[in-house]
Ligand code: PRX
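Here we start with a single chain on its own, the form predicted alone, put down as structure tokens.
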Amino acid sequence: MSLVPPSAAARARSRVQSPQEYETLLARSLDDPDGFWRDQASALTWFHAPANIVEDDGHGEVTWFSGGRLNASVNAVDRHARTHPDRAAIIGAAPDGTLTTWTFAELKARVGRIANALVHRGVRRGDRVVVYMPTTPQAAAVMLACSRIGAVHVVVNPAYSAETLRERIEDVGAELIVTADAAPWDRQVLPLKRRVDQAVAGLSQVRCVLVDRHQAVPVSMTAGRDHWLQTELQRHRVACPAVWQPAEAPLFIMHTSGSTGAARGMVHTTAGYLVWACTTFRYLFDLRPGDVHLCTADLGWITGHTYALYGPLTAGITTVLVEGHPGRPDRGRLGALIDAVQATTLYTAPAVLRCMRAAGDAVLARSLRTSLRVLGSVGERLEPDLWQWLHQEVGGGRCPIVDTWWQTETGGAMLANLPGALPARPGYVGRPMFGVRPVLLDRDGRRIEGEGSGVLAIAGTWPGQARTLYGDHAAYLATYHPHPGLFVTGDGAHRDAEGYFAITGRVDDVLTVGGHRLGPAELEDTLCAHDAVLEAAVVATALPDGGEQITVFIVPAPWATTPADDLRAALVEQLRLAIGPIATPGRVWFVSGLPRTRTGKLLRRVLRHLCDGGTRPSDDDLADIADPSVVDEILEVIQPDRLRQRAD
């Protein structure tokens, strides 16, 4: 059977130029989901077109595009290699400033060789392959090679420890691992191969380890198990037949970041995820021919999967992969990279932006950034003062800001300010993406109508929805579908009178003080509005009498000159004036940094543990933290105060 070619009309529909057009498209996506998503799916290349669009039993059993068959690597690589072989597909940006560019034709050849090497080493359709590599074109090619042969890739961030890596390997039952000898990361070199050796010690299931010679450092190679990837590639040809996957076949397993507890493997399927990634990418970034998309996320995160790899490549757009920390070794690195590749769209995290802002105007002035057209934010709340700085200083006041909310579980953006379609509001992530029905629930699971705050849930389904937790579907249903017809996100949100949403944080982060429930985001925004504050975190901590008090952690701005006592008094007064006396904090501590995941999410549970327990959390609790030394520094700050409290 011949391929079903992509629809040129569907590919062209990627811009929304007015609020009225947005409302029309949103209404159609909700009123006629079969028609709307059939149109969106026609932007892909199919071996068999889907017979049905969506089936949903209302209790978490969902199927999208059943009867269809396709291949992710064909859609991301092959079809563009045929039509635009010399177009840049991937630009790899190393920490030392070196750029590596692969065209679509070169990427197709590399993917084919790696796919053949995997097949030679026994990988078959449905097998799980763990990828433990830095964010490089080679790592992207490994992921695409897995999808080409129907294997399921499980990408693990290179900053993770051997213990965390072992947990993922055991969880998915992987028999083959692809890694690198080492990887540069935030002023250090991570010994990836050595960690793999530690992780697989005693695991009889792992029979093969392919090692990319990335840093040319000496590593130990176990005979019969370990093989250099470069040597393997020399043995295989570029042509590798694509495996045409059923629509619901797993494409990858992505473990959650752990910011809400133990990491769990979310399973994303081929057709639904690919349609969602491609559709949301086109609309979010106002896609235009010749765009160069720069996403700073590591491939080990869902953002890297969706908006650094599958989204842009499926749309035929050049994507820039950033190896290591985008603010290291120089905080001016990101600005210089934007100029070097002439990036037109930027998608990054508030944590990266804070790193740039802390460096001062002199560093920002070293780059022009005039190529930028759209700025995007992801991973955590973009507080209003940082929004303004991004708009004025990074984008020169001319670039729309696309703030987004979504999760590993959702596969792609669910709430956003689409450029040209919706006026942006600092502090708000905007309105629903097409096909998304957000609802707010109270503590008893009842829907909140109109303006209000509550638990964010999604009514119905959307193509990018994760289908299950690997190996534990019952837990998936219990966690995410406790109410019929609803997917419960676990995040709190506020909806204003015009339907704009602001994310207030995880539900379990809500503060209850004196019988009042307060969202930490509002308090943190108020604190960050002070010129002397770079970052702020607010948590509720225990009092000796069994109650709770508001505890504030402040990272002073590098340019701040206000004495600590004066700044503390000013911030307390600022909270009282903006929120009310109920928001008066019991403690205000000044620290050098906050505990965040490597995607920038604030780990308030770690702060609560430090305050209430007075001890360092376990290594398991800190497995996903970007800089564990921050925890020790905070503990040194608060322990003297705890000792004084005991004396009193």
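Predicted model only: the values in this text are computed from it and were never measured. Superpose the two forms; the largest set of C-alphas matching within 1.5 Å is the rigid core. A residue's number is simply how far along the shown sequence it sits, counting from 1.
Heads up, the form predicted in complex with the ligand isn't pictured, but that's what we're talking about next.
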Answer yes if any heavy atom of D197 is within 4.5 Å of a heavy atom of the ligand in the predicted complex; otherwise answer no.
no
Residue contact check: E380 to the ligand in the predicted complex, 4.5 Å heavy atom
yes
Given that the partner is absent here, does M133 sit within 4.5 Å of the ligand in the predicted complex, heavy atoms only?
no
Contact with the ligand in the predicted complex for V429, defined as at least one heavy atom pair within 4.5 Å: yes or no?
yes
Of 403-411, 434-442, 162-170, 109-117, which is the one stretch near the ligand in the predicted complex, taking non-hydrogen atoms within 4.5 angstroms as near?
403-411
Sort through V267, L486, I503, V555 and report the residue having a heavy atom within 4.5 Å of the ligand in the predicted complex.
I503
By the heavy atom within 4.5 Å rule, which residue out of T319, T345, T280, T303 makes contact with the ligand in the predicted complex?
T303
When the two forms are laid on each other by their rigid core, does I582 show a Cα shift of 2 Å or more between the shown form and the other one?
yes
